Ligand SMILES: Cc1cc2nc3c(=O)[nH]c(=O)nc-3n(C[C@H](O)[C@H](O)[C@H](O)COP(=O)(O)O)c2cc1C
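A single chain comes next, written as structure tokens; it is the form predicted on its own.
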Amino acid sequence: MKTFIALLFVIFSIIGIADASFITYEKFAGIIPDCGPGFDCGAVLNSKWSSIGPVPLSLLGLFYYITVFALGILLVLEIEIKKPMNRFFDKIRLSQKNILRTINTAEALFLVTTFGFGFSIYLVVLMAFVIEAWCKYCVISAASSTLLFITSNIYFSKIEKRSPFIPKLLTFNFLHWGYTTIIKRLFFLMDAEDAHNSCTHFGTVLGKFSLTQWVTKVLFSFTNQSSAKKLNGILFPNPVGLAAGFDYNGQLTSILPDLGMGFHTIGTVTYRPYEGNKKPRLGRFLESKSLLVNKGLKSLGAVIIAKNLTGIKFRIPTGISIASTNTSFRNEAEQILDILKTFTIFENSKVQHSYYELNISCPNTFGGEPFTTPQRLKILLSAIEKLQIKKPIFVKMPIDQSKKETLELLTVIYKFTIAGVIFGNLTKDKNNPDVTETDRKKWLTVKGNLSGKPTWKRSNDLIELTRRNFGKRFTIIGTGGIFSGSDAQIKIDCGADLIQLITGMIFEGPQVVGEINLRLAQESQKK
């Protein structure tokens, strides 16, 4: 019985190899296979979803099935000779505990087939609801992947008589390896904004179905009740959130909770629609672990976004980031009125958001002036105060100002009913020591400002400054340069109550959210 179930891995993977090999050959030969009645292989295999960059998904599927085949053969040999042959897996490092952990072959099969099953679900959803056409050979591949996933679960529960649960840390490290070794390299071959749009669409599709939400949660999320925090009347299930600047228009509200996020900021939203600055609007500085950002507050506009979000029951605290529209204003009063209109739209809407973020310092706009002087900030906050907004407001702070200038702004904010501050925004300091010389030369030739590691030290310094001088007056949200659980812990040790990230996910993979929550839970248990 044990050998028979192990042989099923080999049998089902051979079906997958044959199917994927055929599709890959036809793809490179430029031939559309005849799918028969009820199918449209051409629509599927010629769609933009059939490849990641220059690499066909069928080729990735072929590598997947070959991997399962090899592991299946290895498992059969282990059973027959009654001796583990898992030396291939001895050097997988559990980075959070800094130890080595041997993965046995059955565990490796579970990890690989779970990943394959999850990706197959995504492809089936694409065919059903996005492409609206079916490829017979893609369906065969999805069936093979599903059978492999079922087989791995049966092997654990019936043969080894133990739960198929794989320790989260092991899973996260496997996902990290897969992302950084394969997926990131493919995405980084694409234009940065095209890759961002693909990820947003992918997340939107995953969030539409209970099954894909469940698979995402199983793979990426880590839940621990001790991580919950109640701040400003809001219960955050964990302290890790998505910063404004990724989900411009609120398309990811249904999937982020399953990814493990504890809160989510939409936007930045502006009163009037803005299509974004002239392309290119996104770039990557690999050596500096940074993104070059020049979107200029790209937004559908407050009216449309509020309408789209109405009726959605957010499963985690969700905020709306607000700034003035990136356009020309006749005077300061007109610019402030533009901001007030956005607040008013959301205050009068039925959107079930929990808080606001006031973005006073976006460095990529040409319209109006930033509110980064005490005088201008005081005028803006005075106007907002008159609206009598009941939801908490967090101010997104500049990051390049001196400590003296920052304290002056905080002193102004202190006098108003502002719940907290966020440190901070992008850096525009071209003398930043954390930007490599190669990237600095590149930066001088393009428009935009930097996220990621170049903002790390400055963010930490300003968080410490705020906590030291204002105690618990402000809820502090730390963002900038968080790439790991240890980075998150350092940010919290500096004084942050909550943290946000974007760039860390893009460089390290979406599983980094779960890794951070796991690390923070471990540190909390030590105290």
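Worth saying up front: this structure is predicted, and the values here are computed from it rather than measured. Position 1 is the first residue in the sequence shown; the rest follow in order.
Here the subject shifts to the form predicted together with this ligand, a form of this protein not shown in this document.
Only one of 52, 35, 502, 492 comes within 4.5 Å of this ligand in the predicted complex through a heavy atom, and that residue is 502. For the residues 321, 145, 151, 171, the 4.5 Å heavy atom test against this ligand in the predicted complex is passed only by 321.
Heavy atoms within 4.5 Å of this ligand in the predicted complex are found in one stretch of 177-185, 261-269, 436-444, 341-349, which is 261-269. The closest non-hydrogen atom of residue 121 lies beyond 4.5 Å of this ligand in the predicted complex. When contacts are judged by a 4.5 Å heavy atom cut-off, residue 140 does not count as touching this ligand in the predicted complex. Looking at residue 127, you'd find every heavy atom of it more than 4.5 angstroms from this ligand in the predicted complex. Of the heavy atoms in residue 293, some are within 4.5 Å of this ligand in the predicted complex. Looking at 206-245, the residues that come within 4.5 Å of this ligand in the predicted complex, counting any heavy atom, are 243, 244, 245.
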